[in-house]
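As a starting point, one isolated chain is supplied in structure tokens, in the form predicted alone.
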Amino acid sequence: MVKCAYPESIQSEHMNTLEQLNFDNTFARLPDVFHSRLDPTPLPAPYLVSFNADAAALIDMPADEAARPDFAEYFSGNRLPPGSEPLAMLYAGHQFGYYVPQLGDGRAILLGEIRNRAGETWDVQIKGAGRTPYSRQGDGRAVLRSSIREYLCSEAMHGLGIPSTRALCIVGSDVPVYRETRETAAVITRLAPSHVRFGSFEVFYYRQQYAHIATLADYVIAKHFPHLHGLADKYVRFLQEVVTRTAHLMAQWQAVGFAHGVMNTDNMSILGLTFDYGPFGFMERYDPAFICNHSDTEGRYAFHQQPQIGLWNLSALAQALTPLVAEEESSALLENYSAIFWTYGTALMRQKLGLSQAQEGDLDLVIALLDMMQDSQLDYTNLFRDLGRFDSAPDSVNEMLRDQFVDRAAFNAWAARYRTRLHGEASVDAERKARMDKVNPKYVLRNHLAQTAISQAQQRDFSEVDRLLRLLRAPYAEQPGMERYALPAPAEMPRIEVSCSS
């Protein structure tokens, strides 16, 4: 039985049953060229793997709905909620730098949009729901392994304060699905304000169907950027907002050590959300050239490449918008990207160091620390968390920190610079630590943690999935008794390789 997370008074006034969800379905009102209408493929004998009450609240669904005997039927696609209008969205995209003229939702089906009582609309999309007209050679299914990874990581990113799609639930089935090996099927339900992506515009640009670009841009602006509606330069301002959101997202990824793994333009959200989780990874030993995707043999999407790839992808979007935005205008916007990224990114790194004032040389201080971390192969997440305990007293040698570094003399020199910087703004250690603990997470979704949850789930034990979900909702909190989840993978554990099939 799923325990309800909301008081009965709130449930009765503000929550809906599955039959009462308020579907809106504005994307379904667009012309048929934007999507293909179809029902999901039935999933044999579905069962609930995990349910996320926090995400359910976004669509006014009470947590006890997950206890319904037919809940898995609804969120496997076997039964459609009243008011839904299932469809697969059309898009194209640049994959590893090469344009693919038609992609689209090959295994995901948008049930529709739910408008909650706050006036927000949330796409409800089931991923792994069967073949669509865009499946190409795919089977239209997702596997339990990849569904658990996306489910946990989307909520982990939300817990970190990084824009992301959300995950409502996972439904599994024992039906076999073949990837590198035989696995079992699963369907993940994800929520987002929109699933429109850069590639949604590219497909019509390369087809020279420019009127559809305007239709889609007008739709996105009216729904998600209403403050631009009616302005003479609304398309320029729209592109400017996407540039800013993308630059901010890249800075946030870098600040927490997150690597996406497949930054194709069809995986880039027009709203600046972290989108389409596949072979992602949180960096453990600091290595700017970290590659989380085993399929990325050239390192196109390595960790340190992500900011530049963000700009490359924005350039592809700007190209697709040339019927609406003149090239000289889009070029000027793209030229601002680096400044936006570095300004915001430096501010984030300054916060990670507990600095409350901006000064010249702050970025050099950060880079010097990162260089030492790389030389000593230190854990990115844990080192920044430990740095909160830095003692700025003149006679302190900070053994706990210093002894993590191979070159202790280099650390001592850096610590002297850091101490001077802290004293220059009259920093108080206890207050600084409190600030730092709010921006330097103790817990991230390390690959070995996800793999442990997956291995247990494959034996029909879903307790670790739920435990990680709870843990990652509060990544900055200490959470007594859970300290082992902050540790890197054991040295004897084989390296987990994640590929695009994930």
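Don't overthink the numbering: it's just position in the shown sequence, from 1. From a predicted model like this one, the values you see are computed outputs, not experimental measurements.
Here the subject shifts to the form predicted together with a small molecule, a form of this protein not shown in this document.
*Could you tell me if all three of 24, 115 and 224 have a heavy atom no more than 4.5 Å from the small molecule in the predicted bound form?*
Heavy-atom distance to the small molecule in the predicted bound form: none of the three under 4.5 Å.
*Candidate stretches 337-345, 212-220, 261-269, 225-233, one within 4.5 Å of the small molecule in the predicted bound form by heavy atom*: Residues of 261-269 come within 4.5 Å of the partner.
_Of 135, 382, 240, 121, the one that lies within 4.5 Å of the small molecule in the predicted bound form (heavy atoms)_ = If I apply the 4.5 Å criterion carefully, the residue I get is 135.
*Taking 4.5 Å between heavy atoms as the contact cutoff, choose which of 257, 83, 193, 106 touches the small molecule in the predicted bound form.*
Answer to the contact question: 106.
*Consider residue 276 of the chain shown here, and say whether it contacts the small molecule in the predicted bound form, taking contact as heavy atoms within 4.5 Å.*
Yes - in the predicted bound form, heavy atoms of residue 276 and the small molecule come within 4.5 Å of each other.
*Exercise: residue 179 in contact with the small molecule in the predicted bound form, heavy atom 4.5 Å*: Answer yes; at least one heavy atom of residue 179 falls within 4.5 Å of the small molecule in the predicted bound form.
*is_contact(residue 183, the small molecule) in the predicted bound form, heavy atom dist at most 4.5 Å*: Residue 183: no, not in contact with the small molecule in the predicted bound form.
*Does at least one non-hydrogen atom of residue 140 fall within 4.5 angstroms of the small molecule in the predicted bound form?*
It does: once the small molecule is placed as it appears in the predicted bound form, residue 140 has a heavy atom within 4.5 Å of it.
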